[in-house]
Structure formats: C-alpha cells, structure tokens
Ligand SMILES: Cc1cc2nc3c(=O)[nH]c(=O)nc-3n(C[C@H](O)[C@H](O)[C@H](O)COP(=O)(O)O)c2cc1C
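Only one chain is given next, in structure tokens, and it is the form predicted on its own.
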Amino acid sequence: MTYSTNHDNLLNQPLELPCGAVIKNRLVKSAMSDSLGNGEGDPTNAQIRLYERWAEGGLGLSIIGEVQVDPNFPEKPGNLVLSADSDLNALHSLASRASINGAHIWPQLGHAGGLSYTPISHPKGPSALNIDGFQCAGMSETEVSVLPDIYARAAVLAKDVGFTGVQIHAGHGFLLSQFLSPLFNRRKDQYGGTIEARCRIIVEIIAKVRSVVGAEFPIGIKINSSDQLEGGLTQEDALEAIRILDKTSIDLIELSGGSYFPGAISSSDCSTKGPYFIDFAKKAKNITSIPLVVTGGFKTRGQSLNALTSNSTDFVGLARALVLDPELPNDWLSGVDSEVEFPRFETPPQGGITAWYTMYLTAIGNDNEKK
C-alpha cells in the first residue's frame, strides 16, 4: 500500500447531473444481482446492511442490481420487486440506511424478458425465439405499449420510499437490451428494424418515467457497448443508441457489455487486464454531453484516475472490487493506493465465479466476511 502524491484527486470531485442532483465523488458501485431479497420481492436485513456497508465505505453512488418492475418476469427469486405488494417499510429502511454519508442509492429498474427465471416465469421477449435450445415467447404490441407505465409506477414507488434516483436497465441481455439487439428483436412493427426503432420503447420509457418523477429526480440508464454475441448489438449501433439517448432527459449513462444469454461469456468472468470498455467510452464522449460511467475491469486506483484524467469517463464503476473490500473507496479517496487481491479460480464451471462473489455478498451483509 502506498500513498499518492497527486493532490489534484479527481476521484474526490463532486459532479452535478443534468437534473441538478450532485454525486459527491466519482466512484460508483455498479449493479450486481446480490440475490438477497426474501423471495417475495422485499429486502432482508442482510441486504439493507450490505448497502449500508458500501455507503460507510465512501461511495458516491450505489446501484441495486435487478430490481424488477414486474413480478412475473424476474431474473431470479432473490430479486427485489417494486410493485403494489412491496413492503414499503423495508424499502424505506434500505433507502435510508444506504444513503448515509451523502451517498446516492438507486434501484436498477429491470425486466428479464426472455431471460426470465423459468421455474417461476414464462419468458417473453421482443420476439418469439428458439435458438440453440433457448426459447421464449414474443410480446404483443399491447404488451410492449404498457411497458412505460410499468416502469413509471416502479420509479414513483422508488422515489416515494426514499431512493435518490433510478437506473433503467438496458444492458446484459435483459428485456430492454433484447429490444436493442437484432439477435433478439425481430419485430416488424414500430419497435423493430432500425436502431432508431429498436430504441423506441426505451425512449418512451424514459419520457414516461420523467413525467412522473419530475425534473429534479435522477434517471440513469445502463447500456451495452456491444452484446459480444454474433448477431447481437454492435458497437456502431450502440453509439447510435447513445446519440438517441443524448436527446432524452437521461442524467447518467453507464457503459458495460456482454450478455447473460445461455452460453455467452460474461465480461466479468474474463481475464482481460485493465478496464474493458474505455475505448468505446472515448467514442461515446464525443457524441453525448450526458455524464458517463464506465464499468468493468477497474482494479486499481491508478486505472480509475487515468480514466478520469483522460476524460474517457466521468465516473468509474466498481463491482467485484467492492465485494472484496467494501472500504476501498475511503482508501482511494484519501490517496491510499490500496490494491485488492482478486482470487484465482482454476477451471471454474460456467457461472461459478459469479456464484462465489454472490456468496461473499451475503457474508458482507451479515458482517462476517473474512478479514
């Protein structure tokens, strides 16, 4: 561990979003599916404590992964759900304790679509598909047209219980990512075809959410730089999607990549050294004035500072590093170049690494992780 001599620490600088909300520093806890809900869509004490731990650790913003807007299409049983049946007191406790120290806490509004958890769901995506054993039904035009209202109701509930913003999930192969991807979206109506048409439902959702939460409530979005799948969303189309998002009232765009489509390689499980999506972020910076978060592959304070000082991004998104060390932001913000020791896995099964980190999240929420 060494101490930085750089007194011009961009990590500590606050940034005002277009809506006027201020994020106190440049470190963001990106969404992870922690699976710590109670099985009925509500937070548990361990989940509440987990996000309180991260707020104590110094983050500017934490995003809660896979918070479902429709209980019929979950990613997995442990997801939170924002609906008429939600436990409002538990959600208020989560929002309150996760926003201590001036931290922002946003639920990631998601809908698994064609990747819904089959034991308790009947997956439906933009189009009916049967690809290499993957199957899902297709949504009717009426089912698509009501999505903005579904997202808007979830966003209002989030605001009412004390969350400080929301993020719309349009990445990683879930429903809105499926609409963007020509691999999943084969529609012939106004929601399929060109990238403009594939973005249409996302633009409609953003507009509806903004109309109900007001001008000063932050709305973010997560989008893939590419699906990393043959026939999926390309970088060229992703950049065009960002041009379209630039004309909306979005306050923060998070850039990631990859898909949880069966058989696809997760970006978070790859062994690439360094941040994954910086080159794409530099291109995106040239076409939007909306602040950007880049997530994936950041492991050191130096990498984070380089990304900020080169104006490649406005925020650095961290995930697994914060599982291994929830106090990491406090070190980096104070100039300490703490390095996280990432575990090595020899020939893990598919999804095995993600499962290991999920178990460690549970330990943090119970305050009994290994020190």
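Residue positions are given as counts along the sequence shown, with the first one as 1. Keep in mind the model is a prediction, meaning the values are calculated, not measured.
The following text describes the form predicted together with this ligand, which does not appear among the structures shown.
Margin query: Can you tell me whether Trp106 touches this ligand? I mean in the predicted bound form, with a 4.5 angstroms heavy atom cut-off.
Written below: No, Trp106 is distant from the partner.
message: Test of understanding: in the predicted bound form, would Glu66 fall inside 4.5 Å of this ligand by heavy atoms?
response: Within the cut-off, so yes.
Notebook entry, point to check: So in the predicted bound form, does Ala31 come within 4.5 Å of this ligand, heavy atom to heavy atom?
Noted result: Yes, Ala31 lies within 4.5 Å of this ligand in the predicted bound form.
- Using heavy atoms and a 4.5 Å limit, would one call Pro126 a contact residue for this ligand in the predicted bound form? Because no heavy atom of Pro126 falls inside 4.5 Å of this ligand in the predicted bound form, the answer is no.
- request: Could you tell me which of 194-202, 89-97, 168-176, 143-151 sits within 4.5 Å of this ligand in the predicted bound form, going by non-hydrogen atoms?
  value: The contacting stretch here is 168-176.
Every residue of Cys136, Ser181 and Gln228 near this ligand in the predicted bound form, heavy atom within 4.5 Å
Result no, not one residue of the spot touches this ligand.
Name the residue from Ala55, Ala307, Leu328, Leu318 that puts a heavy atom within 4.5 Å of this ligand in the predicted bound form. It is Leu318.
**Prompt:** What residues, if any, in 211-246 have a non-hydrogen atom within 4.5 angstroms of this ligand in the predicted bound form?
**Reply:** Result: Lys222 alone.
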